[in-house]
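One chain follows as structure tokens, the form predicted alone.
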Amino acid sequence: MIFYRLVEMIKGSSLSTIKSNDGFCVHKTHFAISKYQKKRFNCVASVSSVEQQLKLTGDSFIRPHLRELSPYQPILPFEVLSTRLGRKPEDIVKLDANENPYGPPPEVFEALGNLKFPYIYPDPESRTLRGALAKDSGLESEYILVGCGADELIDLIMRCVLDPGDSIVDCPPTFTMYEFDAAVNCARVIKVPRKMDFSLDVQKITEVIEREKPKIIFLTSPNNPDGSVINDDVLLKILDLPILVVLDEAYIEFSGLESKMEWVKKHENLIVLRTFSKRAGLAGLRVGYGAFPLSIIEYLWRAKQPYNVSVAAEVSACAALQNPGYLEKVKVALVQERERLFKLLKQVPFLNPYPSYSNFILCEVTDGKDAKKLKEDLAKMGVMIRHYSNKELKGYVRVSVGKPEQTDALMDCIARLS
């Protein structure tokens, strides 16, 4: 039932608001109030109790599906960790967010220090960076779109493709941002769990796509959090299905495999996402990019925010690409440390590490040890790792690959807990 309310009455004039479940209409009218009209308006008092019950609250404007949404759980930044742990940031061994501990090339700091026009809006097409990425990847710039992190591109893809009620396919355990953004965009998530070895269940994926007609499937290679990769035969089988395939290659540099960016030229249903966060140590500056078929990218250009990549982010990414030698050196160092870390974790009686093609290692916590308590005990000693509470990974922790001295600190703390 529509409820009408007189908000304000002034002698000789009235600003009345009609409130309904459809919205508000505001009218301003000048009139003299007669005794008869006063009698009529006195009826407002009789519904004052109802008015109190229907008092306007801010959340009444929020879309219903978002009221049910649980917020994404991000990793805490240094300054928050420092306060909580009572330690200086430099005394914290941060191995919980897959960040590049070596940071960006020196050219990045120099470029940031020489910024000339931070008060001018950035290039909405990120032309300089896209040109540098074309040279770096071998794919022409017209296929490339840059975002404020790959996270922005994931959301942008969903906004351009999904209608409310449409479905995506998610293959847990994997990057939880896909499920989160689907919920934000009012989409349904069809989960096809991975096999025990974390490989994709292609048969079930095929059955779900044929039966449910979802629009997008998100695949991560190497996968986060286990570090496994998708081989070409499996990817081609999924590309043959009537679904848009978003291949997230956030960690591809550490795998030794070639990116599939150029595949977008021959597969109209493939999108490939990349990031500067891991490869170039720019996680704090938020720079991601993607390769798209030309038939898709034109619509993303229409829908994206015009100034989504900041001047600082574009300048930093371009500067990082100017020093490929540094990027290669850091990648090699992290891959070597990953192998060392894996061997050390393998020696811990209550940990079962999984081989990884990325810059992190997933470990099953065994022998009656509690994964959450392990994470908390290490945190008290200033070492941060990731633990999971979702059903697919209950009893697991993930350790990012750091510098050798960070590995040593981690293993020393684990030894004290044994």
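Worth saying up front: this structure is predicted, and the values here are computed from it rather than measured. From 1 onward, residues are counted along the sequence shown.
What comes next is about the form predicted together with a small molecule, which does not appear here.
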Run the contact test on S356, G402 and T407 with a 4.5 Å heavy atom cut-off to the small molecule in the predicted bound form and return yes or no. no
Could you tell me which stretch in 208-216, 171-179, 188-196, 101-109 has residues with non-hydrogen atoms within 4.5 Å of the small molecule in the predicted bound form? 171-179
Note which of L200, L95, A250, L129 lies within 4.5 Å of the small molecule in the predicted bound form, where distance is taken over heavy atoms; exactly one does. A250
Pick from N308, N224, S141, S137: which has a non-hydrogen atom within 4.5 Å of the small molecule in the predicted bound form? N224
Answer for D151 alone: is it within 4.5 Å of the small molecule in the predicted bound form, judged on heavy atom distances? yes
Do R286 and the small molecule come within 4.5 Å of each other in the predicted bound form, heavy atoms counted? yes
Whether T275 contacts the small molecule in the predicted bound form should be assessed with a 4.5 Å heavy atom distance threshold; does it? yes
Quick one: does T220 come within 4.5 Å of the small molecule in the predicted bound form, counting heavy atoms only? yes
